[in-house]
Every structure is written in structure tokens, then in C-alpha cells.
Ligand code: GLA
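Okay, here we've got a single chain as C-alpha cells, the form predicted on its own, with questions on binding and movement later.
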């Protein structure tokens, strides 16, 4: 029986397929080489202690009466997961959890899901339990939905669980399955934080969800996964609702085209799909910002960039670009210079590759 261990869960980047998860659609994502590390050990007392190296704060809750903390809301991602594990029948002792992260908060790389998944892996292992990987992802999503109160889809948690080195993850949110596809040789992912943080607890995310549900009802389908862009275009939906639906149907179509491009090793075709995806975010879903648009416009002009788009929920956050690895230094320098000149803001780069998913690093 383990008394202490270290668990790691990576952040994720959505490469293609924006807001498709809660529409029972498909997405291509990747785990990245940064994430959340959780140092966990047993406690004799029946309590959960969570401390963060990032904010130097601590939160404590009684193990037998876990409830959300209003004073330390950041700790609710851990508390919610532990509560869900107990509800699922895991017999856990008291826990001390210390969190460390090298993921920038608010950059749209899903630090919250990485924290949830790392907490789940640590808690399950300390209790000598086991759980199917997709069930872990679903449990973490439920904790965020019900305990934290953010109605996120399953994308972030599943990406953190199923990541593989140098591979994109094709997640299907109807069949709830994951498959991985190799990225072409010689490419990397460049994440550029626009410097404008995104916040999803605000109204826009839930509003978009409602608009998508409205579109599905108007098209008389269970979810927008069941509609094609051609059907949406010929429908009598309200013009704004029609644009929202076109984004989702177009994204699903681009993900399947992206899978075909990966199978063919065609990086250029994949890059064009990324640009088309961003344009749809800008025009149809209106979840981009002037800062994100500027980053994508610059990407089109920089030698060595293959494709670029916003990633994550939007309304701020980051872009993801597929780039030629050997040009990465020049690409970052040129982009930062042009972005500052255009906006007066600084964009911070993370150069990454698709990486391995959640795992235990050590245990004793």
C-alpha cells in the first residue's frame, strides 16, 4: 500500500474542433509537455488538505462532509474530484495534496482539468483502487460541472488522460472513444498566449451552449453532430443561430478532413483546415477577439507557420499554430515583434509537442 506518491497530468491543446464536445461531435486535441504535478500522502485524520505552490494558499475540508469552498475556490477542483470518487465507491483515507503547475493560468490550456485528473490519479492510487481511463475523465468532468459549476464538455479531461507522444487524439463525444494519429515529422505546436486571459465562468460559454441546443431543436436533430453544413445552410433557422450551428457542423467536417490529412502525412492540408476553423470562430461563433485575430493574421505571413487558430473556449486565451520545428526560433521572434507593434501587448510563447497523458511519476 502506498503512503505517498507523485502524479502528473498534462494540459491540453485543441488542434481542430472548437465547441464540438458538448454537441456530441469530434475533436482533434493533444496533451502537451506541461501540466500539473500533485504530491500526495495519506493523513491519519479524516480530512483533505490542499495547498498550492502557485498561490501559496491552503484549503482544508472534512473528508466525510466535503463541500465547495467559497474562501478558496481554486481548491474545489480537488475537493470535487475526491467527493465524486467517494460517491463512486472509492474508500479513501485522509489526504494531503500539494499542487505544483507549470501551466499558465487563463491561457486556455486547461489547467483546471489537469488538476482534476492529477488529483484523481493520486487519490485512486493511494486508495489502491483502479478505474477505467475514460471513466476517470468523465468523473473529473462531472466534478467540474456539478461541484465547481462550470458546464465544460469532456474534451479537456479526456485529452489529459489519453495523450501520447507526437500524436493527436481524435475524441468522439458520441461514442465516448479516443484514438490517436501521428503528426507529420518535423512539426511542432506553438501556443501563443494573447495576453488577454479567458474566463469561462462568464455567460458567453453557457450562452453558446444554449444557442447550439436551440439550433439542434430547430433542425429537429438530437445534437448538431447529426446535421451537415449543407442542411444548416438550407434551413430556416434564425440567422444568428444558423451561424452558431454552421460553426459546429463545419468543425466536425474539418476534424474528419484533418484525420485524413494526418493519415496522408499532409501537413499543408491540415494547416489550411486550422485557418478555416479560426475564420469560422471569428465569423460564425464569434468567440474570437481582436487580439487572437491579430495573432492568426500574423501567422499567415510568417515563414514556417503551416496553420493557426484560436484554441479552447475562446473569448481570450491562446492560439495554436502548427509550425516547422527548425524555424521555431525565427517564428517566435517575428510573431512577438509584429504582435507588439500591432497591439502594444506582449504574447508569451510555449513551444510544445503532443506528449504522454496522465501518469504516476513515483510512489512509495
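Small disclaimer: the values here were computed from a predicted structure and weren't measured. Numbering follows the first chain given and starts at 1.
The same protein has a further form, the form predicted in complex with alpha-D-galactopyranose, not shown here; the description that follows concerns it.
- Only one of 104, 250, 195, 153 lies close to alpha-D-galactopyranose in the predicted bound form, with a heavy atom inside 4.5 Å, and it is 153.
- Residue-level contacts in the predicted bound form: of 74, 205, 291, 147, one residue has a heavy atom within 4.5 Å of alpha-D-galactopyranose, and it is 205.
- Only one segment in the set 307 to 315, 329 to 337, 50 to 58, 35 to 43 has any non-hydrogen atom within 4.5 angstroms of alpha-D-galactopyranose in the predicted bound form, and it is 307 to 315.
- A residue is said to contact a partner when one of its heavy atoms sits within 4.5 Å of a partner heavy atom; residue 21 meets this definition for alpha-D-galactopyranose in the predicted bound form.
- Although the partner is absent from this view, residue 354 stays clear of alpha-D-galactopyranose in the predicted bound form, with no non-hydrogen atom inside 4.5 angstroms.
- With a 4.5 Å cutoff on heavy atoms, residue 25 does not count as touching alpha-D-galactopyranose in the predicted bound form; it lies far away.
- If you take 2 to 19 and check each residue for a heavy atom within 4.5 Å of alpha-D-galactopyranose in the predicted bound form, you get 12, 14, 17, 18, 19, in sequence order.
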